[in-house]
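As structure tokens, one chain now follows by itself in the form predicted on its own.
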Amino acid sequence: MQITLEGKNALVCGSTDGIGKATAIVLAEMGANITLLSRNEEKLQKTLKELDTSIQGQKHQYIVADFFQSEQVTEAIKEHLTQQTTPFHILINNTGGPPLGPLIEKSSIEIIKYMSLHLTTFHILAQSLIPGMNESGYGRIVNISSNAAKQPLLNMGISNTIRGAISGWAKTLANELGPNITVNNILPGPTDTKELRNIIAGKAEQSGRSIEEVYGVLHSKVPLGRLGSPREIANVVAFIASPLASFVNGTNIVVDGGKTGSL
């Protein structure tokens, strides 16, 4: 089998670092035209130069918007769609995770803030792009979530709460949309990103252990004995976004090296 996304237009969010960036690179390698979306224009410009254009002379571009400001996202995508003559076929919803800590210690303001960062902006973008997907007869909405949606994780109260909400939202949307649009969630486990490295450094400092010791504990919880790479997550995203995954819909796909304790 060969995955090809030639002629497909993909909007990839949170695409200047980690899993989002890896996904943009992989989708471009498959032939897709990529539109990056992030709040840091300097990083967007740098990432744009790393995207493949050799498959079919792909055209890549970017949108500057901050997911913490849902109205800004609404206006930015609205303006972009008025200028773009072809629809988006693929939407990769992705953004940074909430802060660590027990849920009971978090204020309602924090919960609302991060629920808006994830669920509200995901919904805004989906609503904006679905008409074009219907018109083109092809749609893939892929949400980068977390394995916390399957098994809540310690000290990740807000994240656990939000991931469950995203799963319910995505399943509902999958049931409503068909027949040409699929909606699925990718649930990464521990992945070697800048965000995770910062978390590990913080845990090491708080516990008085070395960074190597903290990594060792984390590795021991993964049956494959290591962290995943952003590209390994992106490869699964690419499959789900492709025509080959046409009958995969409304589900959570765990990509965590076996770490999650449930089926």
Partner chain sequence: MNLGIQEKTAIICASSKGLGKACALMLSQEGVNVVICSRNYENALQTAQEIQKETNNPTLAVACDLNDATSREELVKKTLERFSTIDILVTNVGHPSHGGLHALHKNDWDLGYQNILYPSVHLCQMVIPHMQKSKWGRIVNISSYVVKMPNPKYLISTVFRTSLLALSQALSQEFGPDGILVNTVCPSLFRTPLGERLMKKWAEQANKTVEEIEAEKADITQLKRIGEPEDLASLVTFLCSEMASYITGQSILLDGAQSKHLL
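Quick caveat, the model's predicted, so the values are computed rather than measured. Numbering follows the first chain given and starts at 1.
As for the form predicted in complex with its partner chain, it is not shown, yet the points below apply to it.
A.B. asks: Heavy atoms, 4.5 Å, its partner chain in the model of the complex: which of 204-212, 45-53, 63-71, 23-31 makes the cut? Say which one.
C.D. replies: Heavy atoms within 4.5 Å of its partner chain in the model of the complex occur in 23-31.
A.B. asks: Using a 4.5 Å heavy atom cut-off, state whether Lys171 contacts its partner chain in the model of the complex.
C.D. replies: Although its partner chain is absent here, Lys171 would touch it in the model of the complex, with heavy atoms inside 4.5 Å.
A.B. asks: When the contact criterion is heavy atoms within 4.5 Å, does Asn175 count as touching its partner chain in the model of the complex?
C.D. replies: Judged by the heavy-atom cut-off of 4.5 Å, Asn175 is in contact with its partner chain in the model of the complex.
A.B. asks: Would Asn235 count as touching its partner chain in the model of the complex under a 4.5 Å heavy atom rule?
C.D. replies: It does: once its partner chain is placed as it appears in the model of the complex, Asn235 has a heavy atom within 4.5 Å of it.
A.B. asks: Does the 4.5 Å heavy atom contact test between Val222 and its partner chain in the model of the complex come out positive?
C.D. replies: Because a heavy atom of Val222 falls inside 4.5 Å of its partner chain in the model of the complex, the answer is yes.
A.B. asks: Decide yes or no: are Ala149, Pro190 and Gly261 jointly within 4.5 Å of its partner chain in the model of the complex, with each residue judged by its heavy atoms?
C.D. replies: Judged in the model of the complex, Ala149, Pro190 and Gly261 all sit within 4.5 Å of its partner chain.
A.B. asks: So which of Thr121, Ser128, Thr182, Thr95 gets a non-hydrogen atom within 4.5 Å of its partner chain in the model of the complex?
C.D. replies: It is Thr182.
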